[in-house]
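The chain that follows stands alone, in the form predicted on its own, written as C-alpha coordinates.
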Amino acid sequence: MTTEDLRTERTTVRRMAERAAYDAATVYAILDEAYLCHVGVIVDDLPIVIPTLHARIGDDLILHGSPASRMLRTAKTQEISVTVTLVDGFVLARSALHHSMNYRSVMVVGRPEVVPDHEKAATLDALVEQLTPGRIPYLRPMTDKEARGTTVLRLPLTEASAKIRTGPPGDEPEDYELPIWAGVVPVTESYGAPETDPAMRMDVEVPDHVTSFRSSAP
(Lines give C-alpha, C1' and ligand atoms only; values in the text may rest on other atoms or scores of the structure.)
Protein backbone atom coordinates (compact mmCIF):
# COMPACT_ATOMS: atom_id res chain seq x y z
CA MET A 1 0.00 0.00 0.00
CA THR A 2 1.23 3.45 -0.82
CA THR A 3 2.18 5.61 2.13
CA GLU A 4 2.04 8.82 0.13
CA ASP A 5 -0.24 11.74 0.82
CA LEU A 6 -2.76 11.70 -2.05
CA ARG A 7 -3.40 15.42 -2.00
CA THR A 8 -2.81 17.42 -5.17
CA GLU A 9 -3.99 20.83 -6.31
CA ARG A 10 -6.88 19.13 -8.13
CA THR A 11 -8.02 17.09 -5.14
CA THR A 12 -7.66 19.74 -2.46
CA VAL A 13 -10.95 20.29 -0.64
CA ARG A 14 -11.89 23.96 -0.66
CA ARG A 15 -15.22 24.08 1.14
CA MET A 16 -15.10 22.98 4.79
CA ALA A 17 -11.47 21.98 4.39
CA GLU A 18 -11.38 20.80 7.99
CA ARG A 19 -13.37 17.75 6.94
CA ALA A 20 -10.77 16.65 4.41
CA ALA A 21 -8.36 13.73 4.67
CA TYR A 22 -5.65 12.88 2.19
CA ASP A 23 -3.87 9.90 3.70
CA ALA A 24 -4.06 6.64 1.79
CA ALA A 25 -5.33 4.66 4.79
CA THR A 26 -8.47 6.80 5.08
CA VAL A 27 -9.11 6.97 1.34
CA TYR A 28 -8.57 3.23 0.84
CA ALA A 29 -10.83 2.29 3.77
CA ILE A 30 -13.74 4.25 2.28
CA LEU A 31 -13.17 2.82 -1.20
CA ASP A 32 -13.06 -0.70 0.23
CA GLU A 33 -16.29 -0.36 2.19
CA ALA A 34 -18.16 1.09 -0.77
CA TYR A 35 -18.93 -0.94 -3.88
CA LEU A 36 -20.82 1.59 -6.02
CA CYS A 37 -18.98 4.50 -7.54
CA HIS A 38 -19.86 7.24 -10.02
CA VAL A 39 -17.53 7.82 -12.96
CA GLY A 40 -17.44 11.24 -14.59
CA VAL A 41 -16.36 11.59 -18.23
CA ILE A 42 -16.82 14.05 -21.07
CA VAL A 43 -18.66 12.65 -24.12
CA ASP A 44 -19.09 14.94 -27.14
CA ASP A 45 -18.52 17.99 -24.91
CA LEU A 46 -21.22 16.80 -22.51
CA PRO A 47 -20.28 15.81 -18.93
CA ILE A 48 -21.91 12.53 -17.92
CA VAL A 49 -21.74 10.59 -14.67
CA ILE A 50 -22.34 6.85 -14.68
CA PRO A 51 -22.81 4.57 -11.64
CA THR A 52 -20.87 1.31 -11.70
CA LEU A 53 -19.22 -1.25 -9.45
CA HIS A 54 -15.62 -0.77 -8.45
CA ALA A 55 -12.96 -2.46 -6.38
CA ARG A 56 -9.58 -1.38 -5.05
CA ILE A 57 -6.74 -3.76 -5.76
CA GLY A 58 -3.50 -2.56 -4.24
CA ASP A 59 -2.91 1.02 -5.29
CA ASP A 60 -5.36 0.89 -8.22
CA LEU A 61 -9.09 1.40 -8.56
CA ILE A 62 -10.57 -1.20 -10.92
CA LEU A 63 -13.48 -0.56 -13.28
CA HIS A 64 -14.90 -3.09 -15.73
CA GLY A 65 -17.72 -3.65 -18.18
CA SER A 66 -18.66 -4.37 -21.75
CA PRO A 67 -16.37 -3.12 -24.53
CA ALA A 68 -19.52 -1.45 -25.90
CA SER A 69 -19.84 0.71 -22.78
CA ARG A 70 -19.69 4.37 -23.79
CA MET A 71 -18.30 5.28 -20.40
CA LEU A 72 -15.42 2.78 -20.61
CA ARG A 73 -14.64 3.56 -24.24
CA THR A 74 -14.42 7.23 -23.37
CA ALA A 75 -12.51 6.71 -20.13
CA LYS A 76 -9.71 5.01 -22.05
CA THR A 77 -8.97 8.26 -23.86
CA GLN A 78 -9.16 10.97 -21.18
CA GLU A 79 -8.78 11.85 -17.55
CA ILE A 80 -11.77 10.96 -15.42
CA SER A 81 -13.13 11.53 -11.93
CA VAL A 82 -14.51 8.81 -9.69
CA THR A 83 -16.52 9.45 -6.52
CA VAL A 84 -17.95 7.24 -3.80
CA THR A 85 -20.16 8.21 -0.85
CA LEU A 86 -21.17 6.33 2.28
CA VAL A 87 -24.10 7.88 4.18
CA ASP A 88 -23.82 7.33 7.93
CA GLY A 89 -26.69 9.39 9.26
CA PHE A 90 -29.25 12.15 8.82
CA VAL A 91 -28.40 15.13 10.98
CA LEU A 92 -31.55 16.86 12.24
CA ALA A 93 -30.99 20.34 13.58
CA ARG A 94 -33.19 22.94 15.25
CA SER A 95 -33.47 24.90 12.01
CA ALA A 96 -33.93 23.72 8.45
CA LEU A 97 -30.73 25.47 7.38
CA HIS A 98 -28.49 23.38 9.63
CA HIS A 99 -29.84 19.96 8.69
CA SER A 100 -27.09 17.85 7.20
CA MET A 101 -25.77 14.32 6.74
CA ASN A 102 -22.95 12.40 8.31
CA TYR A 103 -21.00 10.84 5.47
CA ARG A 104 -17.66 9.56 4.20
CA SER A 105 -16.77 10.33 0.61
CA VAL A 106 -13.81 10.01 -1.74
CA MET A 107 -12.92 11.67 -5.01
CA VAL A 108 -10.23 10.22 -7.29
CA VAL A 109 -8.98 11.84 -10.49
CA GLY A 110 -6.55 10.62 -13.12
CA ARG A 111 -6.13 8.83 -16.40
CA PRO A 112 -7.01 5.11 -16.32
CA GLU A 113 -4.94 2.40 -17.97
CA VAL A 114 -6.31 -0.55 -19.95
CA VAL A 115 -5.50 -3.85 -18.23
CA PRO A 116 -3.79 -6.05 -20.85
CA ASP A 117 -5.39 -9.33 -21.92
CA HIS A 118 -2.88 -11.51 -20.08
CA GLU A 119 -3.81 -9.83 -16.77
CA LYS A 120 -7.57 -9.61 -17.24
CA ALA A 121 -8.66 -12.94 -15.74
CA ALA A 122 -6.60 -12.49 -12.57
CA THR A 123 -7.76 -8.88 -12.19
CA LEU A 124 -11.41 -9.81 -12.65
CA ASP A 125 -11.06 -12.66 -10.14
CA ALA A 126 -9.57 -10.20 -7.66
CA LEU A 127 -12.42 -7.78 -8.30
CA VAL A 128 -15.06 -10.46 -7.67
CA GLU A 129 -13.25 -11.55 -4.51
CA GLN A 130 -13.09 -7.96 -3.27
CA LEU A 131 -16.80 -7.39 -3.84
CA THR A 132 -17.96 -10.83 -2.67
CA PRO A 133 -15.32 -12.26 -0.31
CA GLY A 134 -14.94 -16.04 -0.49
CA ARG A 135 -16.76 -16.39 -3.81
CA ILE A 136 -13.98 -17.22 -6.29
CA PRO A 137 -13.16 -20.75 -4.99
CA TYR A 138 -16.76 -21.79 -5.75
CA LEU A 139 -16.77 -20.61 -9.37
CA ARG A 140 -15.63 -22.23 -12.61
CA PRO A 141 -12.57 -20.54 -14.13
CA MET A 142 -13.18 -17.63 -16.47
CA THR A 143 -12.84 -18.50 -20.13
CA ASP A 144 -10.60 -16.63 -22.55
CA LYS A 145 -13.70 -15.56 -24.46
CA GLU A 146 -15.23 -14.05 -21.33
CA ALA A 147 -12.03 -12.18 -20.54
CA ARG A 148 -11.73 -10.86 -24.09
CA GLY A 149 -15.34 -9.72 -23.93
CA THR A 150 -14.70 -7.49 -20.92
CA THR A 151 -12.95 -4.14 -20.72
CA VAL A 152 -10.96 -3.66 -17.53
CA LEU A 153 -9.47 -0.33 -16.52
CA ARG A 154 -7.25 0.50 -13.60
CA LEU A 155 -6.97 4.01 -12.23
CA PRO A 156 -3.80 4.61 -10.21
CA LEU A 157 -4.65 6.03 -6.80
CA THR A 158 -2.20 8.92 -6.91
CA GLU A 159 -4.63 11.87 -6.74
CA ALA A 160 -7.46 11.56 -4.25
CA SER A 161 -9.12 13.12 -1.25
CA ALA A 162 -11.64 12.07 1.36
CA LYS A 163 -14.25 14.29 2.99
CA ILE A 164 -15.97 13.22 6.18
CA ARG A 165 -18.68 14.62 8.44
CA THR A 166 -19.40 13.17 11.85
CA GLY A 167 -21.18 14.24 15.00
CA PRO A 168 -24.33 16.14 16.03
CA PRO A 169 -25.90 19.18 14.38
CA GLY A 170 -24.34 22.61 14.72
CA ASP A 171 -27.10 25.08 15.51
CA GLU A 172 -27.12 28.80 16.15
CA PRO A 173 -26.23 29.47 19.82
CA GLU A 174 -29.63 30.94 20.63
CA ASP A 175 -31.46 27.97 19.11
CA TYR A 176 -30.19 25.58 21.80
CA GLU A 177 -32.77 27.13 24.11
CA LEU A 178 -35.65 26.02 21.86
CA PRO A 179 -37.76 22.94 22.80
CA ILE A 180 -37.00 21.22 19.48
CA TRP A 181 -35.57 17.71 19.25
CA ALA A 182 -32.25 17.58 17.44
CA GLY A 183 -29.78 14.80 16.84
CA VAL A 184 -28.67 12.14 14.39
CA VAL A 185 -30.66 9.31 12.80
CA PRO A 186 -28.04 6.66 11.94
CA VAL A 187 -28.15 5.03 8.52
CA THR A 188 -27.01 1.41 8.29
CA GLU A 189 -26.84 -1.09 5.44
CA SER A 190 -28.11 -4.63 5.79
CA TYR A 191 -28.50 -7.64 3.52
CA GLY A 192 -31.52 -9.92 3.35
CA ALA A 193 -31.68 -13.71 3.32
CA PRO A 194 -30.21 -15.23 0.13
CA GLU A 195 -32.80 -16.10 -2.54
CA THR A 196 -31.89 -19.25 -4.47
CA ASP A 197 -32.04 -19.09 -8.26
CA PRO A 198 -35.30 -20.85 -9.30
CA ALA A 199 -33.38 -22.36 -12.23
CA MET A 200 -31.17 -24.43 -9.86
CA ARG A 201 -31.30 -28.05 -11.05
CA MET A 202 -30.00 -29.62 -7.88
CA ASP A 203 -30.07 -29.07 -4.16
CA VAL A 204 -27.02 -26.99 -3.24
CA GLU A 205 -26.52 -25.68 0.25
CA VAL A 206 -26.08 -21.92 0.52
CA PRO A 207 -22.38 -21.46 1.32
CA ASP A 208 -21.16 -19.53 4.34
CA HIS A 209 -19.72 -16.69 2.30
CA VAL A 210 -23.23 -16.01 0.96
CA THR A 211 -25.10 -16.25 4.27
CA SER A 212 -22.56 -13.81 5.76
CA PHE A 213 -22.47 -11.65 2.65
CA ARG A 214 -19.74 -9.01 2.70
CA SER A 215 -19.26 -9.43 6.44
CA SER A 216 -15.61 -10.28 5.77
CA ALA A 217 -15.09 -7.46 3.29
CA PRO A 218 -12.34 -4.97 4.22
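Since the model is a prediction, treat every value here as computed from it, not as a measurement. Numbers for residues come from their place in the sequence shown, where the first is 1.
The form predicted together with a further copy of the same chain is left out here; the points below concern that form.
a further copy of the same chain is not drawn, but in the predicted bound form it has a heavy atom within 4.5 Å of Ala93. At the 4.5 Å threshold, heavy atoms of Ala29 stay clear of a further copy of the same chain in the predicted bound form, well away from it.
Residue contact with a further copy of the same chain in the predicted bound form: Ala55 places no heavy atom within 4.5 Å of it.
In the predicted bound form, a further copy of the same chain lies farther than 4.5 Å from every heavy atom of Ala162. Along 109-128, these residues reach a heavy atom to within 4.5 Å of a further copy of the same chain in the predicted bound form: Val109, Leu124, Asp125, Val128.
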